[in-house]
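First, one chain by itself in structure tokens, the form predicted on its own.
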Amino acid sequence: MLSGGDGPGAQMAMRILTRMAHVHAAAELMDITGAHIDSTIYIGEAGLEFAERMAGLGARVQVPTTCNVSGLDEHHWQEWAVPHDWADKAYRQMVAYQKMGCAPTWTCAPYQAEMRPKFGEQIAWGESNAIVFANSVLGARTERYPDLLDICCAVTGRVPAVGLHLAENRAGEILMRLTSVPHSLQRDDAFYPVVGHLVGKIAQDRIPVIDGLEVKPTEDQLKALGAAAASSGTVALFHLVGVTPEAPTLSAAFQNRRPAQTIDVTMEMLRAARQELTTAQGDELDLVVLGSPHFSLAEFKQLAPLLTGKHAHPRVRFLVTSSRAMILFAKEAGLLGALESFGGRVTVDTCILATPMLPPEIKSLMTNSGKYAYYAPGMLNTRVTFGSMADCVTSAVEGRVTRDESLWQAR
């Protein structure tokens, strides 16, 4: 590839990959079985130019490759405040990646679709929540692949043999023990973004091991934990003792090593972490947004009965972000009617953090996503209230922020 035998596109990708392998002091490259490309998001001219140049040089992916969210909802962007110039360039970037053979999944949750890696598979995934889910929940192996390097890995079918690709680098480093957390809270969906936010803040780029969970979390709850931890910190792998595949026991999670640090996670710490996810003051509300990471079919099933027979307050917009595939499944299951009757809307292919879709009058939003709550104040210049899915629905109906505090008041 370096010599140009596979064409100039593959040559360019391999030149970049081998240079980065040298930077990371990799002894060799290794094969991968799949990739997920984060650089599909249009954020400026450089990323677009890179994608179109690679596609123009004939670069083609060598492994099954999915696309992260794009810079716009291809079919419904006109319904929002997306500038035409932005939409045109974002669409061009989508086209360039499809020319390279990437599957047009346009989702930050590729693990919800068909191309889902298995335990031990070596992959090259971008997008922070996808990375932590693949490593932690599926037990696949990927490093934190940044924009542009991810597509180079897909085009060459290779990655540097470093970091979390290697078993010896996947041992836990810091132990976080849940203490006196009620079962009722552990079963609640809102617990997982909060504990994830706290884990990320403390662990940063270390591998945390979480012990003391006494319930079996759902896949969406694990998704929420990982997404929040990858936002407040740079967590790419966590071990949940007795739950995640490389942590059947505490000693297995640490590969029989001793933790560098042990922290007892108390209710006081969790309440403080939950409060950090709310930057709004008062009960004003312009928008409720769900779906970061993208809403799953299970979440649509959970949401529909909460909306039935109700209607959003005329002052509050209600938005769910998801993928094309999940929307199709939800529609086939008859789950979108309740959302439409409620006055809610769906957007696909993108999210509010990746496209300038929100009109300037939206200043106060509410979400059940730890990731949205963490990023929205800085990226969207909005005030945010974090609450459960039920809190979000109730608030949308009443036209003001309303939260049930009972689960968080235990001592």
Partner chain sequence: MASTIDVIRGRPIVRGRAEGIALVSSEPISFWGGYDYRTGEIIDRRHPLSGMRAGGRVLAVPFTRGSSTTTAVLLEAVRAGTAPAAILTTGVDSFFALASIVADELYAQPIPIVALEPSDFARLKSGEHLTVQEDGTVKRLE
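Not measured: the values here are computed from a predicted model. Positions refer to the first chain, counted from 1.
There is another form of the same protein, the form predicted in complex with the partner chain; it is not shown, and what comes next is about it.
- Although the partner is absent here, Thr179 is not a contact residue: none of its heavy atoms lies within 4.5 angstroms of the partner chain in the model of the complex.
- In the model of the complex, the partner chain sits beyond 4.5 Å of every heavy atom of Thr249.
- At least one heavy atom of Glu49 is located within 4.5 Å of the partner chain in the model of the complex.
- Although the partner is absent from this view, His76 stays clear of the partner chain in the model of the complex, with no non-hydrogen atom inside 4.5 angstroms.
- With the partner omitted here, the residue from Thr105, Ser296, Ser231, Thr156 that has a non-hydrogen atom within 4.5 angstroms of the partner chain in the model of the complex is Ser231.
- Contact with the partner chain in the model of the complex, judged by any heavy atom within 4.5 Å, is made by just one of Phe133, Tyr145, Phe191, Phe318: Tyr145.
- Partner proximity in the model of the complex, defined as non-hydrogen atoms within 4.5 angstroms of the partner chain, places exactly one of 339 to 347, 360 to 368, 40 to 48, 59 to 67 at the interface: 40 to 48.
- If you check the partner chain in the model of the complex, you find a heavy atom from every one of Arg19, Gln204 and Leu353 within 4.5 Å.
- Annotation for 358 to 379: interface residues with the partner chain in the model of the complex are Lys371, Ala373, Tyr374, Tyr375, Pro377, Gly378, Met379 [heavy atom within 4.5 Å].
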